[in-house]
Structures are given as C-alpha cells and as structure tokens.
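The chain below stands alone and is given as structure tokens, in the form predicted alone.
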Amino acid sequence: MKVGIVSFAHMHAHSYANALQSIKGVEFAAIADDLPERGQAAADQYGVRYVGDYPALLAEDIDALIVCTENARHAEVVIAAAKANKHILCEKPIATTLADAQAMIVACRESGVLLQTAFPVRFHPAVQRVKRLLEQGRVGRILAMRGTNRGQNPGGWFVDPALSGGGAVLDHTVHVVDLMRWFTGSEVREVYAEIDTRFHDSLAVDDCGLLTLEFANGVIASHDPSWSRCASYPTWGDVTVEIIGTEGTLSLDVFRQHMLLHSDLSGHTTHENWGDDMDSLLVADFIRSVAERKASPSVTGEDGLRALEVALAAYESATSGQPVRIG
C-alpha cells in the first residue's frame, strides 16, 4: 500500500511519518507541502520524495493520504482527495466549520473512500481498557465525568484564527469530547462555557476555558481545555478523564507511562515516555481499515463532526453567556 502525507504544518505529521515507515507492507511514498522548504526538509528526513503541493500528490499512484495541513485547509484537501479516490486520515479538528465537515463527509461517501478522523487517544491501551470495563458494567451506570486536556501553546499558525479556527478550546476539546461520546454512547445535547485568554499576552485566540456538558442520556460532564503549561513544564500536557458511576469510579491518565528525567546536559527536567505509542496505533488501524476494505473506519468523519460541534457550541455559549443546545 502506498501512502502520502499532505503537509507537515501540524507536528503530528512527524509521528505519523515514523508510523508509516514501521508498518510492514506500507510504502511511505511521497510528501506534499505548500511550503517547499518545509516539505523538502521532511522528505530529506524520511527519505521520500517531495512532490510540491497536494494536487501533485493526488496525481501520484497512491492509495491513501494523511492530511496534516492547517485546520482551515482540511476541507479543501480532503474533498479534492475524495474526488481523486484516495482514502483519508485527517488530523483533528476535522474542520473549522460544521458546513466544511459535512461537505468532507459527503464527498468521501459519494466517492466510496474512507474518511477517518485522527483521534489517536481512542487507541491507547489504557483507554481501550476503560472502554471494556464500562461495557462490562464495572462502574454501573455513568453519572458524571470530568476531563482535562491542558498543554503548551504551540504558537505559529495555531494562534492565527484564520488558519486554526480557534484557540485552546478548539484544539483541546475535541479529543476529550470524543472519548466521552465513545464511553457513554451518547451525544452532547447542551454546552455552557467560559472562555478567555489568561496565560499569554496579545494572543488573537483563547488559551483557556471551562466547559459544562449535558449528554442526551443524562450524564453531566466538565472539561478543562487550555494552553496553560509554561515553556519549562516537563511535558507538553495531559489527557485525563474521571468517570463516576453508580457502582464505582474510574480515573484515566493517558500519559502516565513516563519517567521523570533530570538532565544536566539539557539543563531541565522532562517526561520521557516509555509506554504505548497511540499515534502509531492510530495509523496502523487506518491502514488496516483500508487494506481490509472496511465500509467504515474505526473513527469516522461523523465522529469528527460531533466533537467539532461541541467545541463550536462552547464558543457560542461563551459569547452569549447562555447554554447552547445542540441538535
């Protein structure tokens, strides 16, 4: 199977590239990037061809694409890839508007290609274990949840609203909301949010927020998405979920598998992961879905749309000061 990557604008492109090169039977064929210097540098690093911008890659004899452009360009690239009959793994958030997300889903459905949203956290073994425990009824009926996704400000295009579509709330809500939807089997029906910029000066986007969610099945939840970690913090951030049920509780800390390294060479302390690589597990799942000609990927475009819907409702709520109903 031949796979290409469109853009190294998003830092996850590097972990996806490493994953492609580790999967038997997969050829990491080529890289497209609208910035030639960035694209060529990535091509040199991974020993593949740089072909120019994405139309050149779509003309190649490849089976699938991983799209890692700026958020606002996802729709353009995915729709073009669907028309070229390429299967697609698209970085999150799926898009910056619901209309774009829906257009992407329709284009892929009409062309008969897979559209998978890049929610790698679902594939982490600890998360998979939580899902199994919930399905076994080990905590009874879920009553409430609390989630966090707190990281560092990535800078660059992430803080340009024209390219990102939003700040920390968009960037760090979709992962945890996807987990909550998956765990409960229910959709968010109401969102209330407080959103602001508190940790960085002169940002054009938000860097923190607090969301309160109500699901259709009655579960209530809160979520803390932020770019609140300082530059010297030993890791980029966290993903945690606490689940309260009628028969018990579960606490999930996705990045707990690490060592704390105090280095005189670097002059600072870091978290060094020794555990599971969920990005590789995500890419392997996508490749397997394409190879087995599955009718639907494990994480669909609709999953991406529903998570985006919650993040955008949070912005609407913060602006109006009122809860926002979804659906």
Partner chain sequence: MFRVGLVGCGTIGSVHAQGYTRMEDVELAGIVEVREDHGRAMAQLFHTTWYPTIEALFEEAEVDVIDICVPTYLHRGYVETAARAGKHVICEKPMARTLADAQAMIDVCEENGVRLFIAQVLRFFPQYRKAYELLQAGAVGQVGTVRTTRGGVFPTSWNDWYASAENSGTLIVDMIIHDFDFLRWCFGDVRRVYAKSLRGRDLNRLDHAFVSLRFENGVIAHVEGTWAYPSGFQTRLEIAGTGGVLEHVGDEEMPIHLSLRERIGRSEGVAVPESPLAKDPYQLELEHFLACIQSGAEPIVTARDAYEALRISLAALESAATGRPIELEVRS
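Take the two forms, find the largest set of C-alpha atoms that superpose within 1.5 Å, and that set is the rigid core. This one's a predicted model, so the numbers in the text were calculated from it and none came from an experiment. Positions refer to the first chain, counted from 1.
We do not show the form predicted together with its partner chain, though everything after this point is about it.
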item	value
All of 254, 257 and 280 within 4.5 Å of its partner chain in the model of the complex, heavy atom check	no
Sole residue of 190, 187, 76, 160 within 4.5 Å of its partner chain in the model of the complex, by heavy atom	190
Interface residue in the model of the complex among 111, 128, 222, 102, criterion: non-hydrogen atom within 4.5 angstroms of its partner chain	222
Any non-hydrogen atom of residue 230 within 4.5 angstroms of its partner chain in the model of the complex	yes
Partner contact for residue 97 in the model of the complex: its partner chain, 4.5 angstroms, heavy atom	no
Residue contact check: residue 82 to its partner chain in the model of the complex, 4.5 Å heavy atom	no
Proximity of residue 146 to its partner chain in the model of the complex, heavy atoms at 4.5 Å	yes
Stretch in contact in the model of the complex with its partner chain, which is absent here, among 128-136, 89-97, 241-249, 111-119 (heavy atoms within 4.5 Å)	241-249
Residues in 289-327 with any heavy atom within 4.5 Å of its partner chain in the model of the complex	321, 322, 323
Did residue 269 shift 2 Å or more between this form and the one not shown, C-alpha, core superposed	yes
